[in-house]
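For reference, the chain that follows is the form predicted on its own, supplied as structure tokens.
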Amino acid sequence: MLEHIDARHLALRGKLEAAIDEVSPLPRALALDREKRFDRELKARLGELGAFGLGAAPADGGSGGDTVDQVIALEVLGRRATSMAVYCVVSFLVTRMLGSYGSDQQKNAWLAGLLKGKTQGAFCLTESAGGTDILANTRTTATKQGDGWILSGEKTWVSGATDCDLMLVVARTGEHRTRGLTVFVVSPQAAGVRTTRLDTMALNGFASCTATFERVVLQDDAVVGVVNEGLAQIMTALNGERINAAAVVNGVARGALEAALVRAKERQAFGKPIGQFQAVQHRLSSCAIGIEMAWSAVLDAARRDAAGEATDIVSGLAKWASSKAALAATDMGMELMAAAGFLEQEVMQRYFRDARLHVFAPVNNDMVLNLLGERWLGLPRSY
């Protein structure tokens, strides 16, 4: 890795790597993935280290630092424990939403627990009709009734919904296209809430779920931020999510490259290591270049976010570049590993599967290019 970070961030990376090596080394991580089990032991250790509080003020129960600290941690987890990395992305998203827009009551009730890893949150945005065009496809509604609301609808691809302590649910509360969405805090134990785990091919250590809301009664204090102004809140948070997701998939890419390099140095063919062949060196070097360029984009986006700058362009750029680097590295890794890549005890097959999510999550790569064409290159809107 070409270093673009300071000594404090290097120390953070080393501390997290040591914790993962101790608590959840590769054989254990692969076993948990096969069993589709969440790594509670690793979560507990990360909580002790303050990983879930990165980027949040100590006054709120956080660990300090900023978005750069978050992406450093997420890159490590992407390389070593990808499902836990996605858990952290969701956790950072929920704490960012509550920290920025939550009421004092909501912050007092939830924020410290989330930042310490004692409490788990879920973000309910996507619906089965489509996830990219949320304005047209948000069918979940919250209807005003007396001093509260009635929430009805269904969300899908909700990470961790079956095990969470609170949900942030996006619902339509007004007819205006852009000023008609509101975010609510919802208890998964509330009457009318049901969650079901989806059977997915990758990121098996952190469940993807559906969440159904059948006339769930909410009080006015469940509103996060301002009624009907949820879209602006969501977009700010989602830009941060894209930066963090980019860091995770960059870690996946680097993990695949590292595993491929071990194979290239150890595997013998025609009397020499396969890494000595020019064709193999070219493929490995090309992947390394893509990863480093994407990582530079991730760090630039994180630094801009920490400085309070707009990140709609740079977050998309970082996410697209990192996901493409991961696809290239994992494809190359599987071919280089050959038959060994099909073995469940080898990590490459997990990287290969886990990388696929990030082509379309948290936003589809084609949509990223549409946004960059419009907002970066000044082209007419294509959607």
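Owing to the predicted nature of the structure, the values given are computational and were not obtained by experimental measurement. Start at 1 with the first residue shown and count on from there.
This protein has a second form, the form predicted in complex with a small molecule, left out of what is shown; the following refers to that one.
The stretch that touches the small molecule in the predicted bound form, counting heavy atoms within 4.5 Å, is 119 to 127, out of 260 to 268, 214 to 222, 119 to 127, 184 to 192. Put simply, E374 is far from the small molecule in the predicted bound form: not one heavy atom of it is within 4.5 Å. Shown alone here, S24 lies farther than 4.5 Å from the small molecule in the predicted bound form, counting heavy atoms only. When contacts are judged by a 4.5 Å heavy atom cut-off, L12 does not count as touching the small molecule in the predicted bound form. Contact between E17 and the small molecule in the predicted bound form is not found at the 4.5 Å heavy atom cutoff. Taken together, the three residues T140, S152 and T196 all stay farther than 4.5 Å from the small molecule in the predicted bound form, as judged by their closest heavy atom. Just one of V314, L54, L357, L336 comes within 4.5 Å of the small molecule in the predicted bound form, counting any heavy atom, and that one is L357.
Note on contacts: among L98, V76, C164, V158, the single residue with a heavy atom within 4.5 Å of the small molecule in the predicted bound form is V158.
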